[in-house]
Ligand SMILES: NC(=O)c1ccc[n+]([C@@H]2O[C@H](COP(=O)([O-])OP(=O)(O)OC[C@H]3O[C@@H](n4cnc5c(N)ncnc54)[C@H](OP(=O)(O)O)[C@@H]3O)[C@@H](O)[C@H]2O)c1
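The chain below stands alone, shown as structure tokens; this is the form predicted on its own.
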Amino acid sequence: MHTLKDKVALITGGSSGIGLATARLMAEEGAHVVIVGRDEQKLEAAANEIGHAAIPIRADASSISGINALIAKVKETYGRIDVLFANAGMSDCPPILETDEPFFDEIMDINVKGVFFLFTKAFPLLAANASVIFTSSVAHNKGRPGDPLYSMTKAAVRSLGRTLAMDEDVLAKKVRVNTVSPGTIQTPLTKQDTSEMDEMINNYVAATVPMQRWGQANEVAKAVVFLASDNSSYMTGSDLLVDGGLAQI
């Protein structure tokens, strides 16, 4: 049985990593998926990989104009959204004392402002009983040494998900809002420049994660599909951690 049969799912950051793995799995579960990203070549490759169930839309999900254009295209194509997965984000940060205002604004725009306005602009298209999922991070309740901006933005996303879940308009529409918080997940972005760096990071993951390994994008995707489907019909305001025990033990 397809848990997302004929659902319309909008996924930002959908051309690689967790977003692509989720889009692929949602399509397998019967959904029509709209994948969003800024790199047209990556989007086209991702859409070809997923197949006819995917529509790629190039858009900047960190800007209001980009979000408005995206929502207009989704409205024209499908007229509704059943699943909204706000997954686009960035994690690389400079050293704390070298962080300047332009970078601060950039990470806030992508990780926080984009999530908030994607939700508000998409809200009129959200169907009754729609599911909204935000990508937070295990960093929101652990912190990341030397990377306070990323942790701060993901804490903001977690708080936003919890707060929106109890909003009167959201409840009246029977929309559920949850977050998923990945731990150390292996994606193209985690690939290092040298084999020596890869080995060092792999050893660090093995030493710090209770399950002693990287998580895979598909393992997060399964959690997102659960939150998107009726299998999680009594969950809202929740935070589902997919972290190999990193924040639990």
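Residue numbers here begin at 1 and follow the sequence given. Values in this document were obtained by computation on a predicted structure and should not be read as measured data.
There is also a form predicted in complex with the named molecule; it is not shown, and the following applies to it.
- The contact with the named molecule in the predicted bound form, taken as any heavy atom within 4.5 Å, belongs to 61 out of 61, 205, 47, 27.
- Partner contact region in the predicted bound form: 133 to 141, out of 170 to 178, 97 to 105, 117 to 125, 133 to 141, criterion any non-hydrogen atom within 4.5 Å of the named molecule.
- Among heavy atoms of residue 149, none comes within 4.5 Å of the named molecule in the predicted bound form.
- Contact between residue 18 and the named molecule in the predicted bound form is found at the 4.5 Å heavy atom cutoff.
- In the predicted bound form, the named molecule sits within 4.5 Å of a heavy atom of residue 183.
- Although the partner is absent here, residue 210 lies well away from the named molecule in the predicted bound form, with no heavy atom inside 4.5 Å.
- Interface residues of 20 to 57, taken as those with a heavy atom within 4.5 Å of the named molecule in the predicted bound form (partner not displayed): 36, 37, 38, 39, 42, in sequence order.
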